[in-house]
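Below, in structure tokens: the form predicted alone, a single chain.
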């Protein structure tokens, strides 16, 4: 075997990875950005909500004077599709430690009219400037070692038309939350996994917006199937993650009227709670 063939693939870095390229926005005018939404982050043909949130988060990071998302709330109005899109941002208020803005992503219908896909309101600050004082009762999720967990590559050959995003993630699911894949869902509404990007890029505040919405839906462990579209998603970014894989834990306590909540926690390799989120999603019953 040649030296070139045996050499390990170089790890991608923050700023130079597929995630960075596919969330990059081009400023057309102040507050107006163009992007071509990648088909690589889709599930059932629709663009993943966490990827979309990262796109709008990147645009707001350019438009606002502070660098990091502290809290970002999104309402998903219509399903986004791969292809051209426009992001429009507005600065609402800027203070010494926080700036607040809003952004909307638009695509075009068959007649060339703009259709709003997603609208967000966010506050940005500087995570590096926060004090180190932490007082918490939260504890990181207990997962088996990564070698004892399972990813999409451990099952049947993946169908790219169903979930292209799976190829771009390093996802190793806790076997205790995999009953749905074996035809025996637990009914507990829990999902836990080791998480990273497949090209080895370390996590940063922007990729945390993807991490909270990248695991299979908890609805699967409740015995439900099919697409679970997000209605609203709020993410709190608490600190910059340390290098290494993340641990993501998601729980659902209440499914009623065809809607459920998903509460997510993201922990880094230093056992710090780096992000939290709650989303409301629709499910198909019957």
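Numbering follows the first chain given and starts at 1. Quick caveat, the model's predicted, so the values are computed rather than measured.
Unshown form predicted in complex with a further copy of the same chain; subsequent notes refer to it.
- Shown alone here, residue 163 lies farther than 4.5 Å from a further copy of the same chain in the predicted bound form, counting heavy atoms only.
- Within this chain, residue 231 lines the site of a further copy of the same chain in the predicted bound form, having a heavy atom no more than 4.5 Å away.
- Residue 258 belongs to the set of residues with a heavy atom inside 4.5 Å of a further copy of the same chain in the predicted bound form.
- Although the partner is absent here, residue 90 sits close enough that one of its heavy atoms falls within 4.5 Å of a further copy of the same chain in the predicted bound form.
- With the partner omitted here, the stretch from 143 to 151, 76 to 84, 164 to 172, 194 to 202 that lies within 4.5 Å of a further copy of the same chain by heavy atoms in the predicted bound form is 76 to 84.
- Although a further copy of the same chain is not shown here, in the predicted bound form the stretch 117 to 134 places heavy atoms of 119, 120, 121, 122, 123, 130, 131, 133, 134 within 4.5 Å of it, in sequence order.
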